[in-house]
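A lone chain, given as structure tokens: the form predicted on its own.
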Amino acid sequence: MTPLARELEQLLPPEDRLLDPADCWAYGADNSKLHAAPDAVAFPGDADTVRELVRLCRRLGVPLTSRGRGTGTTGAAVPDHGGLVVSFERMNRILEVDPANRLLIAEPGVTNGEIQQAAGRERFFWPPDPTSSAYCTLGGNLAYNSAGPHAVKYGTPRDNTLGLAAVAGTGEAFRTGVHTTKGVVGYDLTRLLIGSEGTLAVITEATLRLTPQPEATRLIQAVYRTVGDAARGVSRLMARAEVPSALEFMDHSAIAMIRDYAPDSPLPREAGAILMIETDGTDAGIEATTTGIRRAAEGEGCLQTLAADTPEEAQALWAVRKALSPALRTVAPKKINEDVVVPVSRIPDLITGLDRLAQEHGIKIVNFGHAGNGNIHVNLLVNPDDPQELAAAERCLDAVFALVLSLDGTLSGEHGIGLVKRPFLARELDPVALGLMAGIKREFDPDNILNPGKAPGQP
């Protein structure tokens, strides 16, 4: 028996730990399809136990990887150095809902959907809403700064988190942030920890800033002749005083795939891009807001706009977008999904460049995403069981990242870096910045036990 196993037997009851390799196996993967088996798994029920686990790993020199539900796509939760996986599935309590101060306090294992339900009972919501909200956890949302479609108006977890409780790699517990919407005492450690993928500290509690639910929402589908026409529509929409609450994009490849999967889809044959535009506001003002946004969406190259005034009509418009996911799973169940970001005005250049790379490398690429902030999900449809096709996809992906950076973009908007994008970090971050980040890592985690090998600046 290893020293880690012996110590865990003393620290935790049998129901709060896994030591058998067969039992631990399932905790070695996330949605990236990468896998590395941990040596043990712990299920803490409170922050004190988390602190003791971190101290134990530091004393033994054992890596510690934090884990939610494993919905991440970049391998950040994969314990590629072995060691201990700390799964937060039992720290899943909502500790307080305070509508008077517009905040909610929760543990990291709570799902995004549970947070929305609790806030909704008080007529509030937490703006970050990833597609996997029914399954993904708060801890994962914070680790990746995962947002979703409503970030275009309401921001990301960094914009909607007031404070955190966490344990540093030293085993010391600390708190960051405030319970107020203003506060400037000390450095902003809250925003630093959010998006750090568990490499600086283990988050044990979060104080979230809530937003009142809108009284009314409306949905508009705008169809364009070309991607350039759609991008100009996005620019007009984002220049308004009242921006859309969600602004989703699909390119011509996505439209073609929807047609193949659902031939009866009611889209013009010449459609080259689609925007799904959600508006929200008060009952008294929603019609005027929607009318103004619909006018902004219309312009040169806009083939049609359709507005939904009822939930049934909205469901019918969303059916076009929802047909894309099953179509992608049918064609390429193991697709490579990247989430790059470029300035909104460069979206046409990105899509044109991606079309060129698809032809050069013989890889089908389908693009959709959050147009309002330029966050495009680039899907390379490949068969990973075909070595030649997989090699072509890897070369294509390298070129995709080069294209994104040439357009003043960034390699990830909300999926994070993990293992998948580590080889490309130095292309975006200069040596001085990487050195400073390595120094921050050493300060928080001097023995490099927290998710080792995944922090910027690490070898």
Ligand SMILES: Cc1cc2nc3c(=O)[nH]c(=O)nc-3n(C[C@H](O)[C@H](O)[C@H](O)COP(=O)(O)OP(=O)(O)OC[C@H]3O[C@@H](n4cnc5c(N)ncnc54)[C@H](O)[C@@H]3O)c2cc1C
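The first residue of the shown sequence is 1; numbering continues from there. Since the structure is predicted, the reported quantities are computational estimates derived from the model, not experimental observations.
Quick note: we don't show the form predicted together with the named molecule, though the next part is all about it.
- The contact with the named molecule in the model of the complex, taken as any heavy atom within 4.5 Å, belongs to R69 out of R58, K421, R69, R51.
- Checking A273, A206, L247, A76 for any heavy atom within 4.5 Å of the named molecule in the model of the complex turns up a single hit: A76.
- The shortest heavy atom separation between W126 and the named molecule in the model of the complex exceeds 4.5 Å.
- In the model of the complex, none of the heavy atoms of N160 sits within 4.5 Å of a heavy atom of the named molecule.
- Using a 4.5 angstroms threshold between heavy atoms, A147 counts as touching the named molecule in the model of the complex.
- Although the partner is absent here, G198 sits close enough that one of its heavy atoms falls within 4.5 Å of the named molecule in the model of the complex.
- Every residue in the set N31, S132 and T137 has a non-hydrogen atom no more than 4.5 Å from the named molecule in the model of the complex.
- Partner contact region in the model of the complex: 409 to 417, out of 395 to 403, 424 to 432, 409 to 417, 40 to 48, criterion any non-hydrogen atom within 4.5 Å of the named molecule.
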